[in-house]
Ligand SMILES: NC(=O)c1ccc[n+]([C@@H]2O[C@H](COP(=O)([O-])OP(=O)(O)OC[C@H]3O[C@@H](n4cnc5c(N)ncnc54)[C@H](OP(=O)(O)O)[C@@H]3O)[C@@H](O)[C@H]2O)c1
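A single chain comes next, written as structure tokens; it is the form predicted alone.
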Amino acid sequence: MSKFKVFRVHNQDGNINSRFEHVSIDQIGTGNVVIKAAYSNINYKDALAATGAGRIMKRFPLVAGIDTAGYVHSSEDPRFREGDPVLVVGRGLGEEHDGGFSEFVKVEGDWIIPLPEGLTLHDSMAIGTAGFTAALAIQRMEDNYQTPEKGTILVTGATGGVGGMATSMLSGAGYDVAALTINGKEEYLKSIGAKEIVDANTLEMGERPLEKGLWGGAIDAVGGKTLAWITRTVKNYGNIASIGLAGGHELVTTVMPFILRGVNLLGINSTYCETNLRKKVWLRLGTDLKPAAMDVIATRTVGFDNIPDLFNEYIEGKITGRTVVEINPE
């Protein structure tokens, strides 16, 4: 195989520098399967890693990109054959292992998910880590007996990738969704399935250990004071899926919601999700949890060469929805 293009991040005496380079297959990755990448996507975490705005990568130099989808190029794993359509989401790509911003990606067979029926490779990257995280949150909640009959689900950070996907999936699964947002975009939020809009700028959170029960459950990307307020306002035996910390990593609350209302706080980590659960969630993403509003959420597809131009927009919070990256498109 001749050399191919990657987008790699370097740490030079504490200064983060990222750029396109040409490498050979023995210069990247570890694993027994090589994927010819068709698509990737851009996540907030990718922008943090590529710009140095966040400490994401565990070693340097490292190819960025936490997701990839494409066709098996070569395999020493008998489960996969040349030409199989596959995807890898999370699993430490772009953090611990060379990632998806690459024309070829080398991975372990255990990390790979065969492309589920009902999805194209482009779909899988429109969903990506963001959509998988949202679906995993819903799966965990439903495993813990969440149902639409328990009441409206609050989704915070709903204009972001995870929140938007969660809103669309929940709505399609029969839940009423209230979208909590700091930046408006009411028309967009309703177009992806939100039934109610909650303006975070005017929110009265109160200070009592328990406030009036408002929500059947919640998917929270904000953390901090917002998550603390959610614990105080979820109804009896509702589930809260904690997926992010855009508003802060601290959580100051009491045990009252947990012992008096039976509220459950579920931590969601998509990177280290157990393999059988990961496969189950991806099968649902091709069927009952496939986002009905995916075309509204993932409106932007960009070429591989254009990704550096977008990172600052993610850092500055200017991006709504999802961005798919064409590498070797179908």
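Predicted model only: the values in this text are computed from it and were never measured. Note that residue numbering follows the sequence shown and begins at 1.
This protein has a second form, the form predicted together with the ligand, left out of what is shown; the following refers to that one.
Check: Which one, 242-250, 80-88, 113-121, 169-177, holds residues whose non-hydrogen atoms are within 4.5 Å of the ligand in the predicted bound form?
Finding: Among the listed stretches, the partner-contacting one is 242-250.
Next item on the list: Tell me, yes or no, whether Thr287 is in contact with the ligand in the predicted bound form, where a contact means a heavy atom of each within 4.5 Å.
Entry: Answer no; every heavy atom of Thr287 is more than 4.5 Å from the ligand in the predicted bound form.
Next item on the list: Verify the contact flag for Thr181: yes if a non-hydrogen atom of it lies within 4.5 Å of a non-hydrogen atom of the ligand in the predicted bound form, no if not.
Entry: So Thr181 counts as contacting the ligand.
Margin query: Quick check on Tyr44: any heavy atom within 4.5 Å of the ligand in the predicted bound form?
Written below: Because a heavy atom of Tyr44 falls inside 4.5 Å of the ligand in the predicted bound form, the answer is yes.
Notebook entry, point to check: Quick one: is Thr159 in contact with the ligand in the predicted bound form, heavy atoms, 4.5 Å cut-off?
Noted result: Answer yes; at least one heavy atom of Thr159 falls within 4.5 Å of the ligand in the predicted bound form.
Check: Here the chain is shown alone; which of Ile28, Met294, Ile268, Met57 has a heavy atom within 4.5 Å of the ligand in the predicted bound form?
Finding: Contact with the ligand in the predicted bound form is made by Ile268 alone.
Next item on the list: Work out which of Thr133, Ser102, Gln146, Thr231 lies within 4.5 Å of the ligand in the predicted bound form, going by heavy atoms.
Entry: By the 4.5 Å criterion, the partner-contacting residue is Thr133.
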